[in-house]
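Only one chain is included here, represented as structure tokens and corresponding to the form predicted on its own.
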Amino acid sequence: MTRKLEITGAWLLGFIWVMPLLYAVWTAFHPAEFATHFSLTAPLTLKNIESAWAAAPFARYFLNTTILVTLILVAQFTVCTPAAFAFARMNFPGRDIVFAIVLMQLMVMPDILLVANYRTMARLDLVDTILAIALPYLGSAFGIFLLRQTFRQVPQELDDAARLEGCSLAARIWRVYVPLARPTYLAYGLVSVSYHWNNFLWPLVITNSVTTRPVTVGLSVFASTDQGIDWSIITAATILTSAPLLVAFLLFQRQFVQSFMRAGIR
């Protein structure tokens, strides 16, 4: 009986969670008069999608966002990999203290640093640039922690064998540790891309023009000034901006869950 209640409750919560998405999909692919009138005989249409795409420079927003998430992800992998290796395999004075300081970043909400980050970007003359959006996120305490946990599980014998083969430190990281941590890289990559694709507040503060706005800010500007309360077009634009993440989740959901399980995250 308890098991049945748990399953029923899980399905109920899942349905409540997905209801806004179902409404957005319904409204986006039906004429405006059916936005609040649900009928199985309602005609399907792509006019809302076409109108939304033509009403705002979404192609530019997608390009900006793709550049942004790619820049951040590559930089995070480049920074987090050697840092995680150092904390996992190297012995140096104060290692645990430094690692604890790094983890303290997880306790700091990004919103607290908005003013300080904006002042820094203004001094660097980077306001209203994609680089300014990315800079505060090029290092990640979560990425360092996740990779450190994975690197610690790599058998020391493999490291010793690579060292006997004459591999340099960089070669050992690249040929031994990185291949064995691919599931973790995949999991962290999905988390990073989804977070920065949906990030809104900092890009809203630091950008002022179409040439730098990501899709989240572009959608906000589009919905508040361009289309008013035309829900059919607004939801169509919402589906456009969220579709890449939905497709990525559907394609990689199994690998995503398995990656975190292998990384030891509970």
Partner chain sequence: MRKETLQAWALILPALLLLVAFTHWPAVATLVDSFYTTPKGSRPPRFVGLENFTDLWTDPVFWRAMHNNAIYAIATIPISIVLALAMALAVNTAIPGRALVRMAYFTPTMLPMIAVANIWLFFFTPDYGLFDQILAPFGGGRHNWLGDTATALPAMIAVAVWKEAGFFMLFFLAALQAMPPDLKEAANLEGSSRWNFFRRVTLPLLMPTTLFVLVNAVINAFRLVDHVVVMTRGGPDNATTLLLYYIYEAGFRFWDTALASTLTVVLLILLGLLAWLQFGVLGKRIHYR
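Fair warning: this is a prediction, and the values are worked out from it, not measured in the lab. Rigid core (definition): largest C-alpha set, two forms, superposition within 1.5 Å. Residue numbers count along the first chain shown, from 1.
Absent from the display: the form predicted together with the partner chain. The rest refers to it.
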Contact test, all of A42, V74 and V210, partner the partner chain in the predicted bound form, heavy atom 4.5 Å: no
The single option of A54, L46, A59, L201 touching the partner chain in the predicted bound form, heavy atom within 4.5 Å: L201
One residue of A171, M90, A122, A161 in contact with the partner chain, assessed in the predicted bound form (non-hydrogen atom, 4.5 angstroms): M90
Contact label in the predicted bound form: Y118 to the partner chain, heavy atom within 4.5 Å: yes
Proximity of T129 to the partner chain in the predicted bound form, heavy atoms at 4.5 Å: no
4.5 Å heavy atom contact, E165 to the partner chain in the predicted bound form: no
Any non-hydrogen atom of L219 within 4.5 angstroms of the partner chain in the predicted bound form: yes
Stretch 90-112 - residues with a heavy atom within 4.5 Å of the partner chain in the predicted bound form: M90, N91, F92, P93, V98, I101, V102, M104, Q105, L106, M107, V108, M109, P110, D111, I112
Cα displacement of L12 between this form and the one not shown reaching 2 Å, rigid core superposed: yes
